[in-house]
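Single chain ahead, by itself, as structure tokens, in the form predicted alone.
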Amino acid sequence: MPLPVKDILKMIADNTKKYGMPFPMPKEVIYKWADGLDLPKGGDTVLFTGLLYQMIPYINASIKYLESVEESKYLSVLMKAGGIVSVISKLLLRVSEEELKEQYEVLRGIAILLKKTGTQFGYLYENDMYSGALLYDMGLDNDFREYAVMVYNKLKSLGVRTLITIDPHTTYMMREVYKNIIPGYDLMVKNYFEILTNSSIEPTKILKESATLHDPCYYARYLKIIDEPRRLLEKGGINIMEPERNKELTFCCGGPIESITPGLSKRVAQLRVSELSIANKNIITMCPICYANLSRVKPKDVAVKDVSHYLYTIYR
């Protein structure tokens, strides 16, 4: 039975306005990953995580529930029993520490590598923010515009001039979309692949492994960040086995429709995992949304890892 899309979109918009994120999570989850790294607070250049990696365990919990509701014959009863939205809010309080730790390691690895390049940057801690990408993706234009202006004004008030981004959605929003809707937008946006590639960082360990690479659509089609991750991985000994559909012609991971049609999203992700695993059973992702969608459907003999795990092992 189809999910109540209007209610879910309203939940996403309301949560983003109220909590600064589409799926509410405890405030400390935003910045706990940075414990012990001694990153300066604030500055004119900051690591802007966009919160997507931190949100993955919460997205997984809500999608698992939505998938079960979509498959249920008793949706109308569930709705009368309190509504899907209120159930999701309770589920989000119960994500596993193991899942959170895995995402923290991604963020810590990227920050440590950036420090190793000699790049001077700070971190906003409790002021780190979500870009509003899902509002944009879902066509909630008025909500997105209002939210984007709030984010930009907050960053300006904190004295930020340059953002270092770490995922394709946040990079695209902050580099290409914000400037089209905010008059005078003047933030410079650098992606961490670009910084690593243009630095003098060298491998400290050569991995003699083969893997296939899934290009996220925003990186490959719109930002043209295609060669940078390949050069970094190959320099570290990774033999990249290209899938049939790659680079600008990459194929969808199933996102970001998983919150409104989880069944369709699952079928698309299964198709993509099948394509990628023909090339190699070690799949490297470069986007937290792609990682979540492909990981949810992968067979036991297929491994899915974020690219940062490889880069950290090679260059730390």
Partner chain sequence: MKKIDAILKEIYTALDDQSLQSGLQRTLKNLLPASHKVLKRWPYLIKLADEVRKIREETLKNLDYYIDEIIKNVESINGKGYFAKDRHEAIKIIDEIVGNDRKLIVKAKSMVTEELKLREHLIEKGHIVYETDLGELLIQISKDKPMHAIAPAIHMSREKAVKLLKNIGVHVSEEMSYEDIVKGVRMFLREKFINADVGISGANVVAADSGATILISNEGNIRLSTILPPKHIAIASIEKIMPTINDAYKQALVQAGYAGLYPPTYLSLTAGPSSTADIEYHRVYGVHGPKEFHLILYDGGRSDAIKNQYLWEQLLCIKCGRCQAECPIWDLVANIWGGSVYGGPMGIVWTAITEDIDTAAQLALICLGCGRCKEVCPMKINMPDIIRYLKTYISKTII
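The structure presented is a predicted model; accordingly, all values stated were derived computationally and were not measured. Residue numbers count along the first chain shown, from 1.
This next part talks about the form predicted together with its partner chain, which is not shown.
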| task | With heavy atoms only and a cut-off of 4.5 Å, decide whether residue 261 touches its partner chain in the model of the complex. | result | yes
| query | Is there a non-hydrogen atom of residue 227 within 4.5 angstroms of a non-hydrogen atom of its partner chain in the model of the complex? | reply | no
| said: Residue-level question: is residue 316 within 4.5 Å of its partner chain in the model of the complex, judged on heavy atoms? | reply: no
| Just to confirm, residue 222 within 4.5 Å of its partner chain in the model of the complex by heavy atoms? | yes
| query | Are all three residues 5, 136 and 245 in contact with its partner chain in the model of the complex, where contact means a non-hydrogen atom within 4.5 Å? | reply | yes
| Based on heavy atom distances of at most 4.5 Å to its partner chain in the model of the complex, which listed stretch, 34-42, 282-290, 54-62, 264-272, is the contact stretch? | 264-272
| field | The unique member of 178, 130, 123, 218 whose heavy atoms fall within 4.5 Å of its partner chain in the model of the complex | value | 218
| Heavy atom within 4.5 Å of its partner chain in the model of the complex: which of 298, 305, 17, 10? | 10
| Which residues, if any, of 234-254 lie within 4.5 Å of its partner chain in the model of the complex when only heavy atoms count? | 245, 248, 249, 250, 251, 252, 254
